[in-house]
Structure formats: structure tokens, C-alpha cells
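Just one chain is shown here, as C-alpha cells, and it is the form predicted alone.
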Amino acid sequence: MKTLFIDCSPKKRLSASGFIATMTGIFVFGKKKKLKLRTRADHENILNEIRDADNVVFAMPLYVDGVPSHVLPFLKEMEEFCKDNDIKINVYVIANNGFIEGKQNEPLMQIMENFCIRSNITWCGGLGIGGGVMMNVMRIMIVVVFALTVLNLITTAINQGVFDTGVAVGFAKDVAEILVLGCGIIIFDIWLATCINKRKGFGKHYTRIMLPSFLFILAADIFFTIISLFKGGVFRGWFSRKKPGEQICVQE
């Protein structure tokens, strides 16, 4: 069985879609391949991989209550490709958005379901995730906690001459606390992977980051402010001089 994961985020790296696709792949058996869809130059390679695929998993962000615009030309091309080559695949979708409610992904799911019907391929449902940006925050937090733990172990070993096992236990506890925020996503993700392995329908299910809405908004504001400072200022360079044709990429 071959499962193709298509990361449809327009971001070059560190996208929530790419991270979630990778996480899902951990629980999927058989041959797996993950490809990036950002430009038309990616179309041919992805279509060639679809030829012998059994499952295709689209991982994408919700943009303006729908599919990202750069994905639409690919879907049109893939529709014709599947019809002309009598492609028989199961299609799953993992959609995430910056809103707190996963149900916001419903319009995107309907678009992808209609696409499958038109392409004569099997729509197997999808997972809609609310607060997808927090997945990026979680992995950053885990990396930071790990770095601090290693630093603490080294410092303790130098000062006391032995490694403090309590530090490792503390690290495991901190990681567990972080993962609690994404427990709903992880559970549904494993369920989705199980359906992929069995080549059966998943239906449409929605989940969210396990954080109260008012705390999510506060955390998201802090995260975006920090990112903005590295992306051209507090307003992400909206008021800075742009080169002809330059566009601002919406943060996923």
C-alpha cells in the first residue's frame, strides 16, 4: 500500500499543515511519500506519484473559508489526470485554520468532496482542526523545553559530578503537559491513520486545540507578535516598501 501526503501550505517551511501530515504519517503503514505543493512546477511530480498510489492525503490550511488559491489549478489538472488515466485512489483531507473551532473547515471539506466526485475518485472524508497554528507553538515549546533540559543536565553534571535523573523526569512531565493541549488532535489523527491503513472511510470530524478560547486568543496574539518581529516589524512589513510583484504570505 502506498500513501501519498501532499503538503499544500504555501509556506516554504515550518507549516502547520506539513507538521500535521508528518505526524499522521507516523501512524500510517506501508510505503509513504510526502510532497510539497506550492507552485505549478510541483504538479507533474505529484501527478506521477499519484499513478501508483492507493491513498492520497491532502494537508492544507483554510484560506478565506476555502482551499488555498494555488491548490485550485492543481485540483483542476488532477481531475483531468484521474479521468484520463482511470485512477482509483482514496482521498483524505487534513485541514487546519487559525480559528479556534475545527468546524470552520466545513466549506473546505465540501469543496474537496465535490472535487472527488467530479474526478471519479473515492472521497473518504477528512479531519478539520481548529487552532492549527498552536501545533507550531507546541513543537517550538517542546524544542525549547528539550534544550533547557539538556542545558540543565550538563550544568548539574558539571557542578555535582553526576546526572540528575529528576531533570529527565521533569522534561517528560513538561512534554506531557504540552501534549495535553493537542490530545484531541492526536486522538483523531490516530483514528484517521487507522482508516487510511484499512482503506476505509473516515467521515468528517472536527477537533480543536484543548485551550479555552480567551487563552487561545492571548497565546495566538503573543505568537503572531513574536513572528511579526522576525518578519518585517510589528505589522509584518505591511507598511514597508515592496518590490514590484511582491506579496505578503498569510501566516498559517
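Don't overthink the numbering: it's just position in the shown sequence, from 1. Here the structure is a predicted model, which is why all the values come from computation and not from measurement.
Another form, the form predicted in complex with a small molecule, is not on view; read the next lines as being about it.
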Q: Would you mind picking out the stretch of 97-105, 79-87, 120-128, 169-177 that comes within 4.5 angstroms of the small molecule in the predicted complex, counting non-hydrogen atoms?
A: 97-105
(Q) With a cut-off of 4.5 Å between heavy atoms, is residue 133 one of the residues that contacts the small molecule in the predicted complex? (A) yes
Q.
Taking the small molecule as it sits in the predicted complex, is residue 62 in contact with it (heavy atom to heavy atom, 4.5 Å or less)?
A. yes
